[in-house]
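Before any questions on binding or motion, here is one chain by itself as structure tokens, the form predicted alone.
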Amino acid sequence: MTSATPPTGRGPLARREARLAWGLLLPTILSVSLVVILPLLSIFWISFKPIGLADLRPPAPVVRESLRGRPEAAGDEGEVQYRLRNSSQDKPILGVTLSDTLPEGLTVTGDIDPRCTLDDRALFCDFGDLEGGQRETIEIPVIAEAAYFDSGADVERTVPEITGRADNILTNSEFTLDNFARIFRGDEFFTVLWATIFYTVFGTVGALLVGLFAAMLLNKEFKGQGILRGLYLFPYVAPVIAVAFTWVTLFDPFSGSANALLVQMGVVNSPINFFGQRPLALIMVTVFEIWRYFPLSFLFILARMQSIDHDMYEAADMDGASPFQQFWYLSMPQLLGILSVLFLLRFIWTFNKFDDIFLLTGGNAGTRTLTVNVYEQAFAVSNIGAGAAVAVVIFCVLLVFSIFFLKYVSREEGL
């Protein structure tokens, strides 16, 4: 008598279901790869390249053809001119050639450049190698005949065929660590990192605390509650350019209302440059971050508060619990999950924030964060490689933070 043993492994049905599941997920995986993974890989690739802003377009020979002299009648003399240049100022282009067909009715009357040959109307020129920034000009004397005007031909309408080989720094095998050495050199990076951490931590925690306080205020039924909730959303839904300009104008040291009020009240003796002096500028942009983004926390926290069973509060009230005890021992355990999610999201978003700081201070007066540093390295200094290197540092910092947070801090709400 043999004992029955349960089957091991997956059966045919399970394998078909797995193939079907992967087939359904394949479009999503491909979309995520194209939208997220490929740009991320390109940033890592560029961060190890000695590449500037001008190197994004590979070197190429550029030619412009024109008919000088502008002949207007048969027998008029003119000159077909080809102006050739290397689009790069420092990279050579090898084996540059030019091919073109002269319009019917233009007769060559003189010698042409020795680098060119003319077979009937077919022109071919071999320029060899063009060094960085090199320019060449080919001039061919011609006479316009009646056939030229009868055909309606125009030299400038035709596009000469030009060839050449150039090394593309984006795709070659040249790599360097100079971009990372540049951003880590000296104390500048750690100053920028400190400003970023200060802005991110206090901006995130402040937005959560203000959102929590606002949710507690509006978690009651009273007349005008809906209107007040809508007003609380104004900082978040208002255009960032409009609110940033308003803040800069409001706190302007010469014409701002805030300074005028403080001086008239005797709080200060002279106007304060809120967005132009250290460390006040960093504090102000952090306060702006808190004010602008607390409505998001307010919405999520209020929605979670309204889903809590009120019977617990009634029982705690009958047992003599104070409002603070009810909040700390009843509300907070229920809110830890949503607070964890909000802290993670707000930390990542604030760490990546660029537009608010750039509109308020331009990164000056100690408010230069890592994201502003990406812009300055890539576009102000025209060093795309260094800008990509800073972006890689941002990615690594956020990746380490996210792993640490998800593994050791938050254990609720599916995190």
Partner chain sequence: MSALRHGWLTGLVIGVLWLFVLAVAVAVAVAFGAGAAIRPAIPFIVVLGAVTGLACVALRLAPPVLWAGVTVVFAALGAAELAPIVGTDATTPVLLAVTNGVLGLAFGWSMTRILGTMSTGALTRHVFEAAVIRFLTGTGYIVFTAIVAIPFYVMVMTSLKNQQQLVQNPLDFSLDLSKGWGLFSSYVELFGQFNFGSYLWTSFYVSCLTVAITLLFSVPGAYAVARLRFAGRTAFSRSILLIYMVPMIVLALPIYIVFSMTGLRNTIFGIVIIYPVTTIPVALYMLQGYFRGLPAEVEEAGLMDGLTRLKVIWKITLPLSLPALASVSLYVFMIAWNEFLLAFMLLDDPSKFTLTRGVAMLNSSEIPRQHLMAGAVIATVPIMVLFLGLEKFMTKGLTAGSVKG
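Since this is a predicted model, take the numbers as computed values, not measurements. Positions refer to the first chain, counted from 1. The term rigid core refers to the most C-alpha atoms you can superpose between the two forms while keeping them within 1.5 Å.
Keep in mind the form predicted together with the partner chain is missing from the figure; the text below concerns it.
Asker: Wondering, does R346 line up within 4.5 Å of the partner chain in the predicted bound form on heavy atoms?
Answerer: Because a heavy atom of R346 falls inside 4.5 Å of the partner chain in the predicted bound form, the answer is yes.
Asker: Hey, in the predicted bound form, is V374 touching the partner chain, heavy atoms inside 4.5 Å?
Answerer: Judged by the heavy-atom cut-off of 4.5 Å, V374 is in contact with the partner chain in the predicted bound form.
Asker: A242 near the partner chain in the predicted bound form, any heavy atom under 4.5 Å?
Answerer: Although the partner chain is absent here, A242 would touch it in the predicted bound form, with heavy atoms inside 4.5 Å.
Asker: In the predicted bound form, does Y148 have a heavy atom within 4.5 Å of the partner chain?
Answerer: No, Y148 stays farther than 4.5 Å from the partner chain in the predicted bound form.
Asker: Taking the partner chain in the predicted bound form as the reference, which of F124, F184, F213, F198 has a non-hydrogen atom within 4.5 Å?
Answerer: Going through each option in turn, the one that passes is F213.
Asker: Only one of W194, F180, Y236, F202 has a non-hydrogen atom within 4.5 angstroms of the partner chain in the predicted bound form; which is it?
Answerer: So the residue touching the partner chain in the predicted bound form, by this definition, is Y236.
Asker: Go through 275 to 283, 101 to 109, 261 to 269, 69 to 77 and give me the stretch that gets within 4.5 Å of the partner chain in the predicted bound form, heavy atoms only.
Answerer: Contact criterion met by 261 to 269 only.
Asker: Along 368 to 389, which positions have a non-hydrogen atom within 4.5 Å of the partner chain in the predicted bound form?
Answerer: Those in contact are T371, V374, Y375, A378, F379, I384, G387, A388.
Asker: Superpose the two forms on their rigid core, then report whether the C-alpha of P59 is displaced by 2 angstroms or more between this form and the one not shown.
Answerer: Comparing the forms between this form and the one not shown, which are aligned on their rigid core, P59 does shift its C-alpha by 2 Å or more.
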